[in-house]
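There is one chain below, alone, in structure tokens, taken in the form predicted alone.
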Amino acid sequence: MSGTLYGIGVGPGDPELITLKAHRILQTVPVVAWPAPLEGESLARKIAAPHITHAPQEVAIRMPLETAQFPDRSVYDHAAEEIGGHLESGRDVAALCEGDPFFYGSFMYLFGRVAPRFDVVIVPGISSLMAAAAALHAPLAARNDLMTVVPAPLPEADLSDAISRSDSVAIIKVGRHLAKVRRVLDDLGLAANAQYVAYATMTDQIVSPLSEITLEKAPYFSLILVHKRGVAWR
């Protein structure tokens, strides 16, 4: 019998913010796969570390993270082949994913290659949006609010249009697009309502009004939340 691939959402950074189901699987699964940059540690593996108390076989999925090269199809082709070998041999595999596997999660690229041949179970995780809202003590949306997730790399006009049509906005993938996001929010008169969160739930978490952030470039693990009423309960 073939093994099962588990797509495990390990949450935004705090190791305690994983589900009981994820914890149970991580305690016993014979193979653990995790994404990582070409050099350095895997954040997903670091988050899961306290829950992996046995000695599973490990599959490192190392890839370039630059926007122009991500996702690297050859990396996922190779990873799917290696993981497929374990599944064919009857070994279950837990593939770790920061946040939630199906919310902008890199696991989707592995899923697309493995799901046609093997059983796959998705274990949802807490996303950065929920973590950021909790850190801010600011509900994301209320009543009939239209909420939109907006990737910052969009062209400036598209970014402005998406924000202008929404009551609540989560701007993700900010990085080097921080200055552009500032301009758009200033032009829309929303700069005062913008809240910045970086490294949500991690030891170096930063929570601040965007107006007090002096960076020219935001870190990868950062986002901006904007509600047009200031707070959702108004």
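Nothing here was measured: the structure is a model prediction, and the numbers come from that model. One-based numbering along the sequence shown.
There is another form of the same protein, the form predicted in complex with another copy of the chain; it is not shown, and what comes next is about it.
Counting any non-hydrogen atom inside 4.5 Å, which residue from Ile18, Leu210, Leu223, Val226 sits next to another copy of the chain in the predicted bound form?
It is Ile18 that has a heavy atom within 4.5 Å of the partner.
Is there a heavy atom of Tyr109 no more than 4.5 Å from a heavy atom of another copy of the chain in the predicted bound form?
Output for Tyr109 is yes: heavy atoms within 4.5 Å of another copy of the chain.
Can any non-hydrogen atom of His54 be found within 4.5 angstroms of another copy of the chain in the predicted bound form?
Answer no; every heavy atom of His54 is more than 4.5 Å from another copy of the chain in the predicted bound form.
Would you please decide whether Arg117 lies within 4.5 angstroms of another copy of the chain in the predicted bound form, comparing each non-hydrogen atom pair?
Because no heavy atom of Arg117 falls inside 4.5 Å of another copy of the chain in the predicted bound form, the answer is no.
Taking heavy atoms and a 4.5 Å cut-off, does Ala157 contact another copy of the chain in the predicted bound form?
Looking in the predicted bound form, residue contacts with another copy of the chain do not include Ala157, since no heavy atom lies within 4.5 Å.
Region of this chain that lies against another copy of the chain in the predicted bound form, out of 162-170, 202-210, 30-38, 189-197 [heavy atom, 4.5 Å]:
Answer to the contact question: 162-170.
Mind listing which residues of 143-181 have a heavy atom within 4.5 Å of another copy of the chain in the predicted bound form?
The stretch touches the partner through Arg143, Asn144, Asp145, Leu146, Met147, Thr148, Val149, Val150, Pro151, Pro153, Leu154, Asp161, Ala162, Arg165, Lys173.
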